[in-house]
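Presented below, as structure tokens, is a lone chain in the form predicted on its own.
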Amino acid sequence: MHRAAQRRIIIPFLLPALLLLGVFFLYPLVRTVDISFTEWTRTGSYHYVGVENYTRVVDDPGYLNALKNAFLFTLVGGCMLFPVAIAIAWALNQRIHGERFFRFVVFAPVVLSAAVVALMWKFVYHPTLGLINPALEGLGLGALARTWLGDAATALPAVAFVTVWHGIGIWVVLLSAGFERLPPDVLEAGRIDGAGEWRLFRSVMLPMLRDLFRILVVLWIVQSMQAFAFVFIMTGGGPFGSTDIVGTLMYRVAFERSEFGYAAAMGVVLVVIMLIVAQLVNKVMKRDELQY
């Protein structure tokens, strides 16, 4: 009786959220799956072709290359992001002088739009008019100068670096919140026992933040797989498809070739892959929950 009364009270508060979820998530998802079973013409007419689009996706070398690049983008960007974000969050947790200024500097890029950041870094990477190559030559490291976005070996890491630079403030804030949550009595007990700050960081803080790291890794995988704007603006998927990810490939297939059904099938396959990867990461990194 009491629970039934609770449900009657809670349901009206949940309705707006359920309505938004249905309109902006469930309906587009169902509609995309529906479109993935169709073949469209340039006149806007379509007919159902069953699973033909999905069989094309499996055999499409362009899609497999885009998927490989997306995973490389996630791996390279993750290696750039997490060590730096953890180090900055830990340093800011030490109550250093000028903490607020450093927090502002780290978080400032987040408020810029992805398009502005991508265009700005496209200029910075320019081989002759940019800032990196002249700086390297000025430091006597001219041998390292190169066409950063025009070289298949450096284009993907260069774009991944920009994505990390743009969003690292969010990760630092989340990690800082994790460090703030750590019980001070446990850390103080470690210091009384003679542990230095590095030992506390490595042996106490990192293990206690394991659940937070698991969530952040999953979030990074989801975010990096959708890094469409940076890739599209900075390289357009080039050179030679070395930065082509599923998002840019889907855009070309849908809006340049008008194959909306095939593009939708690419998106559905990507969603399934992301769900599987997220579940695997969640399972591998999950440990017994710590209560503190």
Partner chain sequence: MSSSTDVRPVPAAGRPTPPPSRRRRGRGGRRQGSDRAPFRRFHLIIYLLLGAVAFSTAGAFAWVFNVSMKTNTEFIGTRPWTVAEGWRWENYTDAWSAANVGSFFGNSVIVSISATALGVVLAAFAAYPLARIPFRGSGLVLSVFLLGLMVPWMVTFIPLYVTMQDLGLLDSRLGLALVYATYNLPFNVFVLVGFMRTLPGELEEAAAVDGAGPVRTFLRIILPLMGPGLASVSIISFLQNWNEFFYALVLIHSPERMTLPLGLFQLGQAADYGTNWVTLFAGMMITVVPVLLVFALLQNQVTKGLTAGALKG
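The term rigid core refers to the most C-alpha atoms you can superpose between the two forms while keeping them within 1.5 Å. Positions refer to the first chain, counted from 1. Everything quoted here is computed from the prediction, not taken from an experiment.
The discussion below concerns the form predicted together with the partner chain, not included here.
Exactly one listed residue, out of A145, A195, L72, V217, brings a non-hydrogen atom to within 4.5 Å of the partner chain in the predicted bound form: A195. Proximity of L129 to the partner chain in the predicted bound form falls within the 4.5 Å heavy atom cutoff. By the criterion of a heavy atom within 4.5 Å, P28 is counted among the residues contacting the partner chain in the predicted bound form. The partner chain in the predicted bound form is approached by R7, whose closest heavy atom lies within 4.5 angstroms of it.
Contact annotation for M274: at least one heavy atom lies within 4.5 Å of the partner chain in the predicted bound form.
Contacts between stretch 195 to 212 and the partner chain, counted in the predicted bound form as any heavy atom lying within 4.5 Å, involve A195, E197, R199, S203, V204, P207, M208, L212, listed in sequence order. Once the rigid core is overlaid between this form and the one not shown, V58 does not reach a Cα shift of 2 Å, moving by less than that. Fitting the two forms on the rigid core leaves the C-alpha of V272 displaced by under 2 angstroms between this form and the one not shown. Annotation: Cα of Y48 displaced by less than 2 Å between this form and the one not shown, core superposition.
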